[in-house]
Structure formats: C-alpha cells, structure tokens
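Only one chain is given next, in structure tokens, and it is the form predicted alone.
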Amino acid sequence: MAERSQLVLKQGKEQSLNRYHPWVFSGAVKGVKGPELIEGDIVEVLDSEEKFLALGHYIIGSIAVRVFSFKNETIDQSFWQNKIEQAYNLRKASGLVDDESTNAYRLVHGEGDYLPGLIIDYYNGTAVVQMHTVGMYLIRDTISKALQAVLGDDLVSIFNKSEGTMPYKADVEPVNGYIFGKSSEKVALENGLKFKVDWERGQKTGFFVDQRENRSLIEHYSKNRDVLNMFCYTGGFSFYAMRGGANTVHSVDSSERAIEITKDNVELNFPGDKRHEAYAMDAFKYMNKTKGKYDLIILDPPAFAKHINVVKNALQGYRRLNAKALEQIRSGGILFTFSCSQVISKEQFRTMVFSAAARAGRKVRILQQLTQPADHPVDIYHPEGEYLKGLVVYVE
C-alpha cells in the first residue's frame, strides 16, 4: 500500500470529527505530512497531537476532506463493495428492491450512505452514477465492479453522468457515457406508473426519485380537483394527479424538452386523456393569468440557493413564488410547496411560507410536513443531508 499523506488539524478542530461529522473544512487544517497532496488522494486526518481521526478524499476547496471511514483500515475493492452492499441492504430493508410496482430508486446517497461524493440512481436495470469529487471519479472502475458484484443479474448497464458534477477547477475531464453494458430500455416504473428517463440528456440523473412518496401523496389529494404542476420537469406529479381522479391537470415548465417528456409520460399512462395539457412557459408569466383557475397547485422549483451566501436572495425568490400561488389559488385549495436547497433550513422554509401567506392575505393551515424518502437517508451526524423540505397547506 502506497504511503498516505497525513493532514494535521489545528488544536480543538477535531471536535466535529469526534462527533462523526464527515467534513473537514480547510480552515481547520494546520498542515500536511508525507507525500505532496493531490486532489482525489486518500488522506489520513490527524488531530493536533497527530492521533488518527479519519480517512477521506482530499479536495481543493472550502471542504478539504470528505470522510468515508473513521477507522484506519485498508481501502481496496472489498471496502467499496462492502459500502455499496450496505447501501443496497438498506433499500432492501425499506422494501424498495423487492417492490414489483417500483423499479427506480436511489441506491447510493452520498454522505447518507457513508460514500460522500457519490450518487447512484437505479432505473430498471441501469445504474446512473454521478461523482461529485475527484476521489470518487478516480475510482469509477472500482465502483463499477462493486455495483456488478452487488446487483448481479439485476444490473444491465452503468451510465457515468459526471460531466457536470465535478468541482469547477478539478484537473480531470469526465465525459458522460456507459462504463458497463448499454441499455436502450429507458422506461421505469414507480408505484405502478411508467415514466421515461433521459439519463443521457436530462437533469440530474434523469428523474427526481426523491419525490416518489410526495407524488404518491398528491394522488390522494387530487380527486375532483383542477391541478397545476408548476416546474413539472418530466411530469411526475401530473400523472399521479391524473390517477388520483383530478378533473384537469396542467403541467408547466420553462424547458421545451421537459414538456415533451411530460407529454410522453402522460401518454404512457393515460393515452388520449384530454384532462392533461402542458405548456413551456415562465412560471410567473403563467401564474399571472390563472386567478381562481386551480384548487391544487404544486410548486417544486429547482434549487434557488446552492451556497450559503445567496440564501437571502433565494428566500425572497421562494417568497415571491409562493405568494403568487397563494394569491391565485381558489378558496379551499391545497398547495404543495417544496425547496430542495440544502442551505435553507426547515425553519427558514416554513417562515418563508408564513411570510408569503401574509403577503397574499390568505389564511393558511399546515396539513403535512414533507421530506425525502428512505432511499435518501440522512446520517444523523450530518444533518446537512436533509435537503428536501415541503409543506402541504390548506388555503381558506
């Protein structure tokens, strides 16, 4: 085994690692011992007295190390395979793997599965992999072999979609493409509903599997309602609302491509159904002319804040969007509203909705508070992993 570099922390900066938090910030670093560190290297993290604390991948940036082990152990093929097997077993325990009505789920969720920098979504035989750190990218072949060993015959192909997820200044040039097998079957199943997955050209890994349970909830609220699915992407909420018995369902997204896939997905499940219409249009332009038209509105926008320094502006954007929806919705209507911005807390999001309701002059009651499903687990020592938050509110 090659000699590892050692990263020594300043006095007192080991406390978060003693609490098993998986990030080491650059400001906590006192110095480096051993070979010159290159981004992506496995590094030992030591306290100020040079006592071992953790192993992780070295990163150039505000986060200097993402920790994947708090033991000083051998990191080889069996180590990574064991990690992925543990992640797979969690999905089995939650009932996803053996669910005949669903063959799409998140297999690896970064820090939530003790694999920081790695995301893997599984779609009906294809694993779509995104590496967010150089360290994970450099072991992509190892990850591929581990997936093949764990999933066996359930794995047809692995698609690496890391071209847009690597750090900005990383000294690697990832290219999206298959690293194992190939698949032309791009239709998956979720709770008995079909949907097309464009992992080659679509956003993220091609679909947002984190909203599975919230989409199912939409189905139960949709009967006899007129539904607006704003920021519809590929129409997930829309076809659940249709199965739930909605009178009309309108899907809106600024992306023409998203609207095309939405129409395809609705047609897959409800061929020829005239209840659905889809529009490629800006959210505010559309909602400016919808007063009293809908009594169930879904707001699932992209992340308005990806960094802590833009939280204030993001909250203003969320407030403006929610106020507009609350102004337009019918009396007795229901609003599903979400934020997937990790840096915005549940408290900030809830306060924002309160402020939006006050601005719109509507009385609002919270019916349910929503979050991410079991295949997006949150490491209890890493609360930042709880990124998805949502509210179901009744509007008088």
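A quick note: this is a predicted structure, and the numbers were derived from the prediction, not measured. Throughout, we count residues from 1 along the sequence that is shown.
This protein has a second form, the form predicted in complex with a small molecule, left out of what is shown; the following refers to that one.
Trainee: So which of Tyr105, Trp199, Tyr137, Phe231 gets a non-hydrogen atom within 4.5 Å of the small molecule in the model of the complex?
Mentor: Looking at Tyr105, Trp199, Tyr137, Phe231 one by one, just Phe231 meets the 4.5 Å heavy-atom criterion.
Trainee: Could you tell me which one of Gln148, Gln77, Ser254, Asn176 places a heavy atom within 4.5 Å of the small molecule in the model of the complex?
Mentor: Of the listed residues, the single hit is Ser254.
Trainee: Please state whether every one of the three residues Gln203, Met281 and Pro301 places a non-hydrogen atom within 4.5 angstroms of the small molecule in the model of the complex.
Mentor: Affirmative, all three are within 4.5 Å.
Trainee: Report whether the minimum heavy atom distance between Phe237 and the small molecule in the model of the complex is within 4.5 Å.
Mentor: Yes, Phe237 lies within 4.5 Å of the small molecule in the model of the complex.
Trainee: Looking at the partner-bound form in the model of the complex, is Arg215 within 4.5 Å of the small molecule by any heavy atom?
Mentor: Contact with the small molecule, yes.
Trainee: Even though the small molecule is not shown here, does Gln211 get within 4.5 Å of it in the model of the complex, heavy atoms only?
Mentor: Because a heavy atom of Gln211 falls inside 4.5 Å of the small molecule in the model of the complex, the answer is yes.
Trainee: Heavy atoms within 4.5 Å of the small molecule in the model of the complex: which stretch in 118 to 126, 154 to 162, 219 to 227, 293 to 301 meets that?
Mentor: In the other structure, the partner sits against 293 to 301.
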